[in-house]
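Just the one chain here, the form predicted alone, laid out as structure tokens.
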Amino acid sequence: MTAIEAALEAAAEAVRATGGELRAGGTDVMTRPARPLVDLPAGADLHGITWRPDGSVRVGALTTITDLLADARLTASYPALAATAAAIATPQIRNVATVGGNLLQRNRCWYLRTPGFACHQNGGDTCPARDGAHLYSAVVDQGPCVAPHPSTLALALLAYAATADVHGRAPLEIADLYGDDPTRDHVLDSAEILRAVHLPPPVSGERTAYRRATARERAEWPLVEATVRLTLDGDTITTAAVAAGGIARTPLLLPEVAEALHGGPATPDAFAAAADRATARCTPLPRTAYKVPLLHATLVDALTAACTP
């Protein structure tokens, strides 16, 4: 066993022994009801950005959002990742928040975070938000829990077909990191450690944008958000990848939107028709119906921005 593996195993064993939780930057875990905390090992190959001979890149899970944005080669090669990361929280939060922490944070549902309520994610068998306070909940129904996953960074990683390196597992597609279990926000057990994310070699000349709709201008969780990647041949869209957040229990890649765009013109009518594909899958709750037109407008805005010189 290498020193890196030994450090990771020691952290995992500490979690198992204490019933605790791993801590990275702590911007999420420190705001929730206290459990024993186990700091991730600082020298365990979890930090930094490494370029590989084939042009792909490895980003350590403990790399902060600020450090990610400070890497000029990375931001130039993956502009959708850069635009998405730059919108996260505030500079103070980005200074300590990590790539892995953003991907694996818990949802923001009032019922989960308020002691005294039982829900699918804390040992209960109901979702009190469905018939209760669900103003910020999902519009794409993926099952019993309706709390949207809050990872903004996941949208860009979905759009780039990135993979997650989890200690002791085979690589996971980013979508598979979240799974379909309503009792948890991601598939990792409490003692499993996300080591890094891997992005495939960059595509030159891509057009990208990130857009979000929020209740206030700064330091606010998005109601709806979208990341888009396009390549164009003249005015024709040759490739497309579109992801959205704030609308479902997991971050969502929207293949139906990409399919509608592929091979078509980069025009307002085409963008609106593609966004219609996304809203067609929405089945909002009574107080989340406002998110449907908001999703449509956010997608059209992002697509327009990506195609604007």
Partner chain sequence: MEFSVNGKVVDVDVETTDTAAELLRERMGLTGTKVACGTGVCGACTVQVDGRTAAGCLLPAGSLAGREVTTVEGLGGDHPVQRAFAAHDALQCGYCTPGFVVEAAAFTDRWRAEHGTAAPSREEIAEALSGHLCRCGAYAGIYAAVAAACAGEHDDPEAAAPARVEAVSKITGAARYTTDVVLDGMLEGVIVRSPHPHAKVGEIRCDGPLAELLPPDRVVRYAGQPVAAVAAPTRAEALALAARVEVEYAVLPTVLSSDDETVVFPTKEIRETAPRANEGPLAKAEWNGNVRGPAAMSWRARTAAKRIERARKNGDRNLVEATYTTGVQAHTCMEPHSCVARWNGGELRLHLSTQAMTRVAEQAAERWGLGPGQVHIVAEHVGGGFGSKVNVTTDVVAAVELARLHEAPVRVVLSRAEEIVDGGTRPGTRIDLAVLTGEDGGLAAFTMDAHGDSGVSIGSNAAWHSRFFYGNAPRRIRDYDHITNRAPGIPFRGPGLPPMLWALEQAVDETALRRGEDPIALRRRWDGNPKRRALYDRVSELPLWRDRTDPGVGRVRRGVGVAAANYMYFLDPGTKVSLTVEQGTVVARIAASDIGTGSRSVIAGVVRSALDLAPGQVRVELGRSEHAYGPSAASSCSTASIAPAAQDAARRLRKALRGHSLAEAEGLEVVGRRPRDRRGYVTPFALDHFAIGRGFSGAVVVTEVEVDTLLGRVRPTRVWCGIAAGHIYSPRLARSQCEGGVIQGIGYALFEQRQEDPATATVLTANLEDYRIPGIADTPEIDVHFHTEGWDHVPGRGVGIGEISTMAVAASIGNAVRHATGHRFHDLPIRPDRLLEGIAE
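Note that the structure is a prediction, hence the values are computed from the model and not measured. Numbering follows the first chain given and starts at 1.
Only in words, not in the display: the form predicted together with the partner chain, which the text now covers.
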Name the single residue among Ala118, Ala133, Ala161, Val203 that comes within 4.5 Å of the partner chain in the predicted bound form, judging by heavy atoms. Ala133
Exactly one of Leu74, Ala209, Leu223, Leu172 has a non-hydrogen atom within 4.5 Å of the partner chain in the predicted bound form; which residue is it? Leu223
Please tell me whether any heavy atom belonging to Tyr111 falls inside 4.5 Å of a heavy atom of the partner chain, as the geometry stands in the predicted bound form. yes
Mark His198 yes when one of its heavy atoms lies within 4.5 Å of a heavy atom of the partner chain in the predicted bound form, and no otherwise. no
Would Thr283 sit within 4.5 Å of the partner chain in the predicted bound form, counting heavy atoms only? no
Proximity of Pro144 to the partner chain in the predicted bound form, heavy atoms at 4.5 Å: no
Heavy atoms within 4.5 Å of the partner chain in the predicted bound form: which of the stretches 153-161, 93-101, 190-198, 225-233 has them? 93-101
Pull the contact list for 47-68: residues with a heavy atom within 4.5 Å of the partner chain in the predicted bound form, in sequence order. Thr64, Thr66, Asp67
